[in-house]
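Below you will find one chain, with nothing else, as structure tokens; this is the form predicted alone, and questions on how it binds or moves follow later.
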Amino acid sequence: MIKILSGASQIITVDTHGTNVKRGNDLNDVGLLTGYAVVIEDEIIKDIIPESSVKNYTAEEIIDLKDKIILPGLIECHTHAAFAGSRANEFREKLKGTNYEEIDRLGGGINSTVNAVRNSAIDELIKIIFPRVEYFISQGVTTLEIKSGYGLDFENEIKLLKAINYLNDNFPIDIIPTFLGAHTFPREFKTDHDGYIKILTRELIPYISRNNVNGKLKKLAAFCDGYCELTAFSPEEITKIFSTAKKFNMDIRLHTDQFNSIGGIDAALNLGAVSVDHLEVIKNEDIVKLGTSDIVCVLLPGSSFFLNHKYAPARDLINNNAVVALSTDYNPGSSNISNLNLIMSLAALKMGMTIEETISAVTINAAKALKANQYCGSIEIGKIADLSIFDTCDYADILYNVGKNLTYMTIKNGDVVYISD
């Protein structure tokens, strides 16, 4: 079946000319086209043609996008959307001046969400997460990563991953499950780090990598993630966990340099991580190292905003040729923000990124953080027709309208999966 998206004021292709990544000055090249239409055949972008050529095509459907703009489907590459319970009381404490690490030491933080997840059945978790996924789709998101990490034992980490996989099977977009068993140490192992690491390396990682999902030959999780921080895992502990994950053919990602720079960057580089996420307190020498690597730097300005914390040095990373992506870090404790538009505006207003750089960061580079950049993240012939349509004539409006969702339509695999009222 052939569909044509016709009449758009602008098409923002984020064309990579086959490289499937943007870095340095290339982040500003978003491939703006005017007077063109997109041809979709089945689920693939077949062609990008002048509007004057539309009449020469035999198409089953022509979608009129007058006064709209077309972008690649947005990629949400770092979320903790699989959680239960509320941490509004902690938010009250933060407003009084209590910092994130102190709340964690006082028994709040991640472990309070762990208790809520452990007390929730899988059906309850699915019901809780369901509208969160719907909201991301309504923002033009066509690929969504969701981490586990609030179970912190065998039974509940597997329960979370099964819930995420169920959602992937029942939503039209791609939902990428990530195993974050190394989020923090559960309370029962606060004084026995080796005991918990043995559960991760001897039980959970082997089980996740060997078990397929609903008869499909795919792992329960696409990635193994961890948190390298003074209140979580040391670089040595992360190395032990990630070395096991690599033995079981799991790709790795790492939260690091959020509050303290303790060697997480070197661990990620040595282990060949796909991404390093946060980087608020990254050292200058590590910025240079990342600029010569293919590791994606996933920046999370929502966390800085929510915690009144330092923002990651986006300009320094970009100027050093690093691959920079953006995401919400949506979670109940440090970034209770699921609005990707707000994140884009924060990146511009607080981290000095240009409008074009933010668009590249939530499309092709975010796709690279999920190893999906070969088939999505840009509007290029032969890629999957994952597209987001915005109700404006100028792509600058997406960031200018801070926190406002301008999404008109979300297209996944060539099919309309959301249209605004």
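Numbering starts at 1 and follows the sequence shown. Quick caveat, the model's predicted, so the values are computed rather than measured.
The same protein also exists as the form predicted in complex with a small molecule; that form is not shown, yet it is the one meant from here on.
**Q** Which among 266 to 274, 76 to 84, 151 to 159, 285 to 293 is in contact with the small molecule in the predicted complex, heavy atoms within 4.5 angstroms?
**A** Stretch 76 to 84 is the one.
**Q** Does any heavy atom of Tyr227 come within 4.5 Å of a heavy atom of the small molecule in the predicted complex?
**A** Judged by the heavy-atom cut-off of 4.5 Å, Tyr227 is in contact with the small molecule in the predicted complex.
**Q** Would you check, heavy atoms only and a 4.5 Å threshold, whether Leu346 touches the small molecule in the predicted complex?
**A** Taking the distances in the predicted complex, the answer for Leu346 is no, it never comes within 4.5 Å of the small molecule.
**Q** Does Asn331 reach the small molecule in the predicted complex, with heavy atoms at most 4.5 Å apart?
**A** Yes, contact at 4.5 Å.
**Q** Closest heavy atom of His183 to the small molecule in the predicted complex, within 4.5 Å or not?
**A** Yes, contact at 4.5 Å.
**Q** Which pick from Ile137, Leu125, Val323, Ile110 sits with a heavy atom within 4.5 Å of the small molecule in the predicted complex?
**A** Comparing distances to the small molecule in the predicted complex, the residue within 4.5 Å is Ile110.
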